[in-house]
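First, one chain by itself in C-alpha coordinates, the form predicted alone.
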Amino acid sequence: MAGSTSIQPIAELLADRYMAQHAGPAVEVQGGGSSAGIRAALSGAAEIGMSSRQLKPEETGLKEYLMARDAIALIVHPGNPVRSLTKEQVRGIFSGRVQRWEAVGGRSGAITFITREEGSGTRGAFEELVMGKETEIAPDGIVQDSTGAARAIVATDPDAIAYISLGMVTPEVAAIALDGVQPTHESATDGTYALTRPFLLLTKGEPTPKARAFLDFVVTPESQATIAEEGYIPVKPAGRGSGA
(Lines give C-alpha, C1' and ligand atoms only; values in the text may rest on other atoms or scores of the structure.)
Protein backbone atom coordinates (compact mmCIF):
# COMPACT_ATOMS: atom_id res chain seq x y z
CA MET A 1 0.00 0.00 0.00
CA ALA A 2 1.25 3.48 -0.80
CA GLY A 3 -0.04 7.05 -0.92
CA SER A 4 -1.74 9.56 1.35
CA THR A 5 0.13 10.43 4.54
CA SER A 6 -3.24 11.25 6.12
CA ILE A 7 -4.46 7.70 5.56
CA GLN A 8 -1.09 6.16 6.40
CA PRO A 9 -1.44 6.07 10.23
CA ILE A 10 -4.86 4.39 10.27
CA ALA A 11 -3.79 2.08 7.42
CA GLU A 12 -0.73 1.02 9.42
CA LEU A 13 -2.88 0.34 12.48
CA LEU A 14 -5.35 -1.76 10.49
CA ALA A 15 -2.50 -3.57 8.73
CA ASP A 16 -0.95 -4.52 12.07
CA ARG A 17 -4.28 -5.88 13.31
CA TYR A 18 -4.87 -7.73 10.07
CA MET A 19 -1.46 -9.42 10.22
CA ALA A 20 -2.03 -10.37 13.86
CA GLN A 21 -5.23 -12.17 12.87
CA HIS A 22 -4.25 -13.65 9.50
CA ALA A 23 -1.35 -15.86 8.48
CA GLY A 24 0.27 -15.10 5.17
CA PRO A 25 2.08 -12.19 3.48
CA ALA A 26 2.81 -8.98 5.31
CA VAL A 27 0.96 -5.75 4.52
CA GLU A 28 3.49 -2.97 3.95
CA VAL A 29 2.26 0.63 4.14
CA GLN A 30 4.19 3.57 2.69
CA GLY A 31 3.39 7.28 2.37
CA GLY A 32 4.33 9.62 -0.46
CA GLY A 33 1.10 11.55 -0.91
CA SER A 34 -2.19 10.86 -2.69
CA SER A 35 -0.92 11.54 -6.21
CA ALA A 36 2.00 9.19 -5.61
CA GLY A 37 -0.43 6.54 -4.35
CA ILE A 38 -2.59 6.89 -7.44
CA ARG A 39 0.46 6.54 -9.68
CA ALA A 40 1.66 3.54 -7.66
CA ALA A 41 -1.67 1.77 -8.08
CA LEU A 42 -1.79 2.54 -11.82
CA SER A 43 1.77 1.34 -12.40
CA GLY A 44 1.46 -1.74 -10.25
CA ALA A 45 4.16 -0.55 -7.84
CA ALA A 46 1.55 -0.95 -5.09
CA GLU A 47 -1.32 -3.38 -5.00
CA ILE A 48 -3.38 -0.77 -3.17
CA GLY A 49 -3.08 3.00 -3.54
CA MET A 50 -4.30 5.44 -0.88
CA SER A 51 -5.90 8.79 -1.76
CA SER A 52 -7.41 11.37 0.59
CA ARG A 53 -9.02 13.24 -2.29
CA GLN A 54 -11.42 12.44 -5.09
CA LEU A 55 -9.85 11.18 -8.28
CA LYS A 56 -9.48 13.68 -11.11
CA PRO A 57 -11.29 13.01 -14.43
CA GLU A 58 -8.01 12.01 -16.08
CA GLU A 59 -7.13 9.52 -13.32
CA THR A 60 -8.93 6.57 -14.87
CA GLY A 61 -8.50 2.82 -14.72
CA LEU A 62 -8.81 2.47 -10.96
CA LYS A 63 -11.44 0.93 -8.72
CA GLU A 64 -12.30 2.94 -5.61
CA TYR A 65 -13.01 1.53 -2.14
CA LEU A 66 -14.25 3.99 0.46
CA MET A 67 -12.66 3.07 3.80
CA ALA A 68 -13.63 6.16 5.80
CA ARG A 69 -14.34 9.86 5.60
CA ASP A 70 -12.30 12.60 7.22
CA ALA A 71 -12.61 16.25 8.06
CA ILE A 72 -9.86 18.78 7.43
CA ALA A 73 -9.27 20.84 10.56
CA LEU A 74 -7.68 24.27 10.71
CA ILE A 75 -5.21 24.35 13.58
CA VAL A 76 -3.43 27.11 15.50
CA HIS A 77 -1.13 27.25 18.50
CA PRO A 78 -3.03 26.75 21.78
CA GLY A 79 -1.86 30.21 22.86
CA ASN A 80 -3.50 31.88 19.88
CA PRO A 81 -6.80 33.48 21.01
CA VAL A 82 -8.44 33.05 17.59
CA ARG A 83 -10.91 30.18 17.82
CA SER A 84 -13.09 30.74 14.75
CA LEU A 85 -12.60 31.97 11.20
CA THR A 86 -14.89 32.31 8.21
CA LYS A 87 -14.10 30.53 4.99
CA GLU A 88 -13.44 33.92 3.38
CA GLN A 89 -10.93 34.77 6.12
CA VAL A 90 -9.17 31.43 5.66
CA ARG A 91 -9.07 31.98 1.90
CA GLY A 92 -7.57 35.41 2.53
CA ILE A 93 -4.86 34.01 4.82
CA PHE A 94 -3.74 31.22 2.50
CA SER A 95 -3.89 33.43 -0.60
CA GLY A 96 -1.65 35.99 1.12
CA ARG A 97 -4.24 38.78 1.14
CA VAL A 98 -4.59 38.66 4.93
CA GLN A 99 -1.17 38.71 6.56
CA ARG A 100 -1.75 39.76 10.17
CA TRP A 101 -3.72 38.19 13.00
CA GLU A 102 -5.28 41.46 14.14
CA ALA A 103 -7.10 41.59 10.79
CA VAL A 104 -9.11 38.50 11.82
CA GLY A 105 -9.68 39.35 15.47
CA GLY A 106 -6.40 38.12 16.92
CA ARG A 107 -3.57 39.81 18.72
CA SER A 108 -0.90 41.76 16.84
CA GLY A 109 1.42 39.57 14.79
CA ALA A 110 2.27 38.39 11.30
CA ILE A 111 0.54 35.17 10.22
CA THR A 112 2.70 32.17 9.36
CA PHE A 113 0.70 29.80 7.21
CA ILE A 114 1.73 26.22 6.53
CA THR A 115 0.51 24.33 3.50
CA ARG A 116 1.11 20.90 2.03
CA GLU A 117 3.14 19.98 -1.03
CA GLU A 118 1.71 19.68 -4.54
CA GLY A 119 0.23 16.20 -4.94
CA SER A 120 -0.95 16.00 -1.34
CA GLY A 121 -4.54 14.82 -1.05
CA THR A 122 -5.06 17.10 1.93
CA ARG A 123 -3.90 20.09 -0.12
CA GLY A 124 -6.05 19.05 -3.06
CA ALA A 125 -9.14 18.79 -0.88
CA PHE A 126 -8.34 22.11 0.84
CA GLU A 127 -7.90 23.84 -2.51
CA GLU A 128 -11.21 22.46 -3.74
CA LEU A 129 -13.24 23.07 -0.58
CA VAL A 130 -11.75 26.39 0.58
CA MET A 131 -9.72 28.15 -2.09
CA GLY A 132 -12.00 27.42 -5.04
CA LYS A 133 -11.08 27.64 -8.71
CA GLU A 134 -10.35 31.37 -8.67
CA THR A 135 -7.90 31.60 -5.75
CA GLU A 136 -4.50 29.98 -5.39
CA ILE A 137 -2.43 29.29 -2.28
CA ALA A 138 0.28 31.94 -2.08
CA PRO A 139 3.83 30.75 -2.83
CA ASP A 140 5.30 32.31 0.34
CA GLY A 141 3.73 29.80 2.72
CA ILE A 142 5.80 27.13 4.48
CA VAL A 143 5.41 23.89 2.55
CA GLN A 144 5.51 20.61 4.47
CA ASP A 145 5.34 17.09 3.08
CA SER A 146 3.37 15.41 5.86
CA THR A 147 0.56 16.02 8.31
CA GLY A 148 2.88 15.47 11.26
CA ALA A 149 5.39 18.04 10.04
CA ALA A 150 2.71 20.70 9.58
CA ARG A 151 1.32 20.00 13.04
CA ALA A 152 4.79 20.19 14.62
CA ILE A 153 5.37 23.71 13.30
CA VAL A 154 2.02 24.97 14.61
CA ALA A 155 2.73 23.41 18.00
CA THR A 156 5.85 25.57 18.38
CA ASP A 157 4.86 28.80 16.57
CA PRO A 158 2.19 31.00 18.24
CA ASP A 159 1.57 32.80 14.93
CA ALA A 160 1.18 29.71 12.74
CA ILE A 161 -1.90 28.18 11.11
CA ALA A 162 -2.20 24.98 9.09
CA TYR A 163 -4.77 22.50 7.86
CA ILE A 164 -4.54 18.81 8.78
CA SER A 165 -6.65 15.69 9.08
CA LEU A 166 -9.08 15.89 12.01
CA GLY A 167 -7.92 12.46 13.10
CA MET A 168 -4.39 13.84 13.51
CA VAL A 169 -5.34 16.72 15.83
CA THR A 170 -3.58 16.37 19.21
CA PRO A 171 -3.58 18.48 22.39
CA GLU A 172 -0.39 20.26 21.29
CA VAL A 173 -2.49 22.26 18.78
CA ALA A 174 -5.97 23.79 18.81
CA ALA A 175 -8.59 23.07 16.14
CA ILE A 176 -10.69 26.13 15.34
CA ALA A 177 -14.24 26.54 14.07
CA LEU A 178 -15.01 27.34 10.44
CA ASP A 179 -18.01 29.62 9.87
CA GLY A 180 -18.96 28.98 13.49
CA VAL A 181 -18.90 25.17 13.25
CA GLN A 182 -16.29 23.25 15.23
CA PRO A 183 -14.65 20.33 13.41
CA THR A 184 -15.85 17.23 15.25
CA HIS A 185 -16.79 13.68 14.38
CA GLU A 186 -20.46 14.62 14.78
CA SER A 187 -20.39 17.81 12.67
CA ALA A 188 -18.48 16.07 9.89
CA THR A 189 -20.90 13.12 9.94
CA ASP A 190 -24.06 15.21 9.79
CA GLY A 191 -22.66 17.55 7.15
CA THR A 192 -22.71 20.78 9.15
CA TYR A 193 -18.91 21.03 8.96
CA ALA A 194 -17.99 21.85 5.38
CA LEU A 195 -14.46 20.48 5.04
CA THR A 196 -14.96 16.74 4.65
CA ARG A 197 -13.29 14.38 2.17
CA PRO A 198 -13.08 10.66 1.33
CA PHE A 199 -10.37 8.22 2.34
CA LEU A 200 -10.07 5.99 -0.73
CA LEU A 201 -8.23 2.73 -1.31
CA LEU A 202 -7.51 2.10 -4.99
CA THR A 203 -6.71 -0.92 -7.16
CA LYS A 204 -5.95 -1.22 -10.84
CA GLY A 205 -8.85 -3.31 -12.04
CA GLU A 206 -9.99 -6.17 -9.85
CA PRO A 207 -7.84 -6.53 -6.71
CA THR A 208 -5.57 -9.51 -6.23
CA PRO A 209 -6.86 -12.12 -3.77
CA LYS A 210 -4.43 -10.80 -1.13
CA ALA A 211 -5.55 -7.21 -1.66
CA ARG A 212 -9.22 -8.24 -1.67
CA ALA A 213 -8.81 -9.96 1.69
CA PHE A 214 -7.41 -6.78 3.23
CA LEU A 215 -10.04 -4.55 1.57
CA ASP A 216 -12.76 -6.78 3.04
CA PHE A 217 -11.08 -6.55 6.46
CA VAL A 218 -11.12 -2.73 6.33
CA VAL A 219 -14.93 -2.60 6.18
CA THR A 220 -15.62 -5.17 8.89
CA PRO A 221 -17.48 -3.81 11.94
CA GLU A 222 -14.31 -4.27 14.01
CA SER A 223 -12.17 -2.22 11.63
CA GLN A 224 -14.82 0.44 11.22
CA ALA A 225 -15.04 0.73 15.01
CA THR A 226 -11.27 1.27 15.09
CA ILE A 227 -11.59 3.96 12.42
CA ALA A 228 -14.18 5.75 14.57
CA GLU A 229 -12.03 5.41 17.70
CA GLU A 230 -9.15 7.06 15.86
CA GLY A 231 -11.27 10.12 15.07
CA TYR A 232 -12.34 9.34 11.51
CA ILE A 233 -15.83 8.83 10.11
CA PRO A 234 -16.64 5.17 9.44
CA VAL A 235 -18.59 3.94 6.43
CA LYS A 236 -21.24 1.26 6.38
CA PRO A 237 -19.69 -2.23 6.17
CA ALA A 238 -21.84 -2.94 3.11
CA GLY A 239 -20.16 -0.14 1.14
CA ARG A 240 -17.31 -1.91 -0.63
CA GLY A 241 -16.65 0.58 -3.37
CA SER A 242 -17.41 1.00 -7.04
CA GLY A 243 -15.54 1.06 -10.29
CA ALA A 244 -13.92 4.31 -11.36
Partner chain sequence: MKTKEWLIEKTLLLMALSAVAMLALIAIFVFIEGTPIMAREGLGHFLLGRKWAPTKGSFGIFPMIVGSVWVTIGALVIAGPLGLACAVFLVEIAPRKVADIVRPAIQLLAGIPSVVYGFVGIVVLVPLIREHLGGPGLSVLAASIILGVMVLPTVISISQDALEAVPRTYKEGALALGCTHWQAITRVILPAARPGITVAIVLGLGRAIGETMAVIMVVGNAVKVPAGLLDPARTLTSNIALEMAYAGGDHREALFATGVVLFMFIMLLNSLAALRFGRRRPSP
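Positions refer to the first chain, counted from 1. Computed from a predicted model, the values in this text were never measured in an experiment.
Beyond what is shown, the protein has a form predicted in complex with the partner chain; the following relates to that form.
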Q) Which pick from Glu88, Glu102, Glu118, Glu128 sits with a heavy atom within 4.5 Å of the partner chain in the predicted bound form? A) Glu118
Q: Run the contact test on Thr5, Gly141 and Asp145 with a 4.5 Å heavy atom cut-off to the partner chain in the predicted bound form and return yes or no.
A: yes
Q. So in the predicted bound form, does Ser51 come within 4.5 Å of the partner chain, heavy atom to heavy atom?
A. no
Q) Closest heavy atom of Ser108 to the partner chain in the predicted bound form, within 4.5 Å or not? A) no
Q.
Does any part of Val169 reach within 4.5 Å of the partner chain in the predicted bound form? Heavy atoms only, please.
A. no
Q | Distance check, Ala174 to the partner chain in the predicted bound form, heavy atom within 4.5 Å | A | no
**Q.** Which of 118-126, 161-169, 67-75, 90-98 lines the interface with the partner chain in the predicted bound form (heavy atom within 4.5 Å)
**A.** 118-126
Q | Residues of stretch 39-61 in contact with the partner chain in the predicted bound form (4.5 Å, non-hydrogen atom) | A | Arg39
